[in-house]
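This document opens with one chain alone, in structure tokens, the form predicted on its own.
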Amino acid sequence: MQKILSIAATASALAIAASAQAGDVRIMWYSDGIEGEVMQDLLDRFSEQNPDINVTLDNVAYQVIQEQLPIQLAAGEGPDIARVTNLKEQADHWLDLTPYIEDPAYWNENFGDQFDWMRPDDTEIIPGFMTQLTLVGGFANKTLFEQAGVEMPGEGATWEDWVNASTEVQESQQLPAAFVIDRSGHRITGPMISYGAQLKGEDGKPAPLDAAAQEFITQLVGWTESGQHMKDVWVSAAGTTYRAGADEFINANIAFYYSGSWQVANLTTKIGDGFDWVATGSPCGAAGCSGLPGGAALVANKNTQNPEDVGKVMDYLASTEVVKEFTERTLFLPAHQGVIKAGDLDFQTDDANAKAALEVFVAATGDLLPEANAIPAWRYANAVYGGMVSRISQAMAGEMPVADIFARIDNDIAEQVAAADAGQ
């Protein structure tokens, strides 16, 4: 059978259904940087070795993964394999790969630490593997700080320290804003936990936003109203739409950017030698200096018509050699225990900024608070993320006082939890 490999620059996810022809495997994939190109190259080699399996890599926007893929899965459709970050909430849709992979013990040994992030509670299925681990954290434009004569905050610096120092840079260099956080509930969860927020109630469901969570949100809206936090990134999008602030950092419009480790490859590719930048870890609150762990996973869709072929593709992509190469070329943090313990990763970049940044993120994993570590395996995490973003954006836009959004956020989250429990 002739092998077909293709990349669609964009695709209507609603047109992508689980492959019905024997030997066909479709992968829905999104990219933060260059990883789609790397994945295509790896799949080209798989196809040379497995001419009886047709693999199609559909590159789609992240928004398709977040908004359209769940609709397909609920309808019993969807791609055979998907790269997702919404791991736990959709766990009921993932295929147990155990009967279709060669060595389940290899998978458990190397990827087992994160299986609970993506499989239904109280099950032992193997649904897929993490393509990379991520950690939320900050980046600073070192060149702008030096030009402004402002010393960058050091270890143990608080959010206020970083905002104040970045504001000095903003005023000195006449920047549009001092800093920006990606428009994402995920991104502000680590800071809220660092402030002492307890997001999970005793019943395992989201608790009402407590004083610590409200304190950080109130400060963030205040920093936006004062022009320190870049307003446009949050108010130019609607609903729960994700918007990164990376371009503002890359274009040197801000001094400090709070996003995560997945941005390292993007920054080194687009900034080049434009200016020096550093990773900072996460600023501190009263409870700690925690980011939020997470990552993206490749998971198999239980609606697939070709589980044996899917198992072969997943075995190849999860192999030690392929994971190591993918990690080195994409500058991601690996999730494969064997690759981590070998300690011989050779990140393929000549950018000293990137190599130093990866070391900072690896070190920052030691600052994670237990509450942050528990979030990826919490099925209601996305309900909390989504409930916060739109209301905080409304407060930033001046549509309502920040004090009025907390009850609305609690109500929005409760509605999403009820919908999730009802299987909607």
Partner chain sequence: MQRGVSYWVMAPLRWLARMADVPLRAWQRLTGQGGMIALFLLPNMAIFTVFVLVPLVMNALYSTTGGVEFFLADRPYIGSDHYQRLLDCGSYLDPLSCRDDMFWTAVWNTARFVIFQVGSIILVAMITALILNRAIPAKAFWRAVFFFPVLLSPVVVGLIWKWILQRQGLANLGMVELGLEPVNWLTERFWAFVAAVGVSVWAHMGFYTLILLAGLQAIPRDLYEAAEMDGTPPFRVFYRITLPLLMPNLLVVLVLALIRAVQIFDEAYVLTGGGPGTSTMFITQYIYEVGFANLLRNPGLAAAASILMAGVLVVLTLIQLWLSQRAGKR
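Residue numbers count along the first chain shown, from 1. A quick note: this is a predicted structure, and the numbers were derived from the prediction, not measured.
Although it is not shown, the form predicted together with its partner chain is what the next lines describe.
K.L.:
Establish, in the model of the complex, whether 96, 132 and 297 all lie within 4.5 Å of its partner chain, using non-hydrogen atoms for the distance.
P.N.:
The answer is no: none of the three residues contacts the partner (heavy atom, 4.5 Å cut-off).
K.L.:
Just to confirm the contact call: exactly one of 53-61, 377-385, 40-48, 357-365 touches its partner chain in the model of the complex at a 4.5 Å heavy atom cutoff, so which is it?
P.N.:
Stretch with heavy atoms near the partner: 377-385.
K.L.:
Heavy atom within 4.5 Å of its partner chain in the model of the complex: which of 154, 239, 201, 274 fits that? Just give me the one.
P.N.:
So the residue touching its partner chain in the model of the complex, by this definition, is 239.
K.L.:
Using a 4.5 angstroms cut-off on non-hydrogen atoms, would residue 373 count as touching its partner chain in the model of the complex?
P.N.:
No - in the model of the complex, heavy atoms of residue 373 and its partner chain never come within 4.5 Å of each other.
K.L.:
Can you work out whether residue 248 and its partner chain are in contact in the model of the complex, taking contact to mean some heavy atom pair no more than 4.5 Å apart?
P.N.:
Contact check for residue 248: yes, within 4.5 Å of its partner chain in the model of the complex.
K.L.:
Given that its partner chain is not shown alongside this chain, does residue 36 nevertheless sit within 4.5 Å of it in the model of the complex, heavy atom to heavy atom?
P.N.:
No, residue 36 sits far enough from its partner chain in the model of the complex that none of its heavy atoms falls within 4.5 Å.
K.L.:
Any of the heavy atoms of residue 391 lying within 4.5 Å of its partner chain in the model of the complex?
P.N.:
Yes.
K.L.:
Going by heavy atoms, what in 386-412 lies within 4.5 angstroms of its partner chain in the model of the complex?
P.N.:
If the 4.5 Å heavy-atom criterion is applied to its partner chain in the model of the complex, 386-412 yields 386, 390, 391, 393, 394, 397, 398, 399, 400, 408, 411.
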